[in-house]
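Only one chain comes next, encoded as structure tokens, the form predicted alone.
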């Protein structure tokens, strides 16, 4: 049997979907989560498997994190503060949870002699780029969000650890992800609004921002595709891959799809301006040729991803009870 794979943020939206896929593929999985934003319900199926073990722990408990990694063959690091909008309200949170937390993951890997890492980064690190579709080697503009800056800093430490300590690192820069267990983002926010008042939908910005979104099952497939790269290499390396789709949609289009799926026709009210909040990039489209060269390709369209997300939220109204907890 292959060595276990440790997944940080295992009880989150992406993490729990990844855990289920790994178990379906026959892997042994160690889930690590402090449940500050993760949900036990998301791991209900995984908990029934004898090949899954859950460690309730924080990234800042270095001894517990190192012990959890003992004997593992790889780490997939998803745990993070992912709420871009509220970064300015808690300026240290992105640094602490995304940058400093990643440093602890790297230190635990070094102590436990685990060499393989997949890191969940973000397309937000490209800021207000002028290059579309945006490739992995695009010129880096100034950072526009604390979230993007914290992930960019974490990427830097990962690259340095790969060079200095021989880690085999893969960095995945995601667009926004949609699908079952989604509990944070504009589709969640719009559906929650419409549950409270089906007559009016308030939209931040002017609705013309163009974004790319990826279905969670396609995101998980991309993570597993990059995990295989370089796994037999003796030397340390660090490779970066964009995960996204070749299409975009305007926020106003997404709102219409959400309303159609719900069977509603509310009045749409716009806040104005070309973005919803400070750090909200009005155009996101990543170049995914590098990942597609590995044989990966997204299977769902953005519209399908939106509809599937709305349908899951409709079937699981309990998710709204706790408020918009982040991934």
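Since the model is a prediction, treat every value here as computed from it, not as a measurement. Numbering follows the first chain given and starts at 1.
Omitted from view is the form predicted in complex with a small molecule, to which the following refers.
Between the options 158, 108, 209, 78, the residue in contact with the small molecule in the predicted complex by a heavy atom within 4.5 angstroms is 78. Contact with the small molecule in the predicted complex, defined as a heavy atom within 4.5 Å, holds for exactly one of 122, 143, 245, 129, namely 122. Taking the partner from elsewhere, no residue among 188, 305 and 307 has a non-hydrogen atom within 4.5 angstroms of the small molecule in the predicted complex. With a 4.5 Å cutoff on heavy atoms, residue 256 does not count as touching the small molecule in the predicted complex; it lies far away. Residue 58 belongs to the set of residues with a heavy atom inside 4.5 Å of the small molecule in the predicted complex.
Using a 4.5 angstroms threshold between heavy atoms, residue 99 stays clear of the small molecule in the predicted complex. With a 4.5 Å cutoff on heavy atoms, residue 170 does not count as touching the small molecule in the predicted complex; it lies far away. Residues with any non-hydrogen atom within 4.5 angstroms of the small molecule in the predicted complex fall in just one of 245 to 253, 176 to 184, 199 to 207, 129 to 137: 176 to 184.
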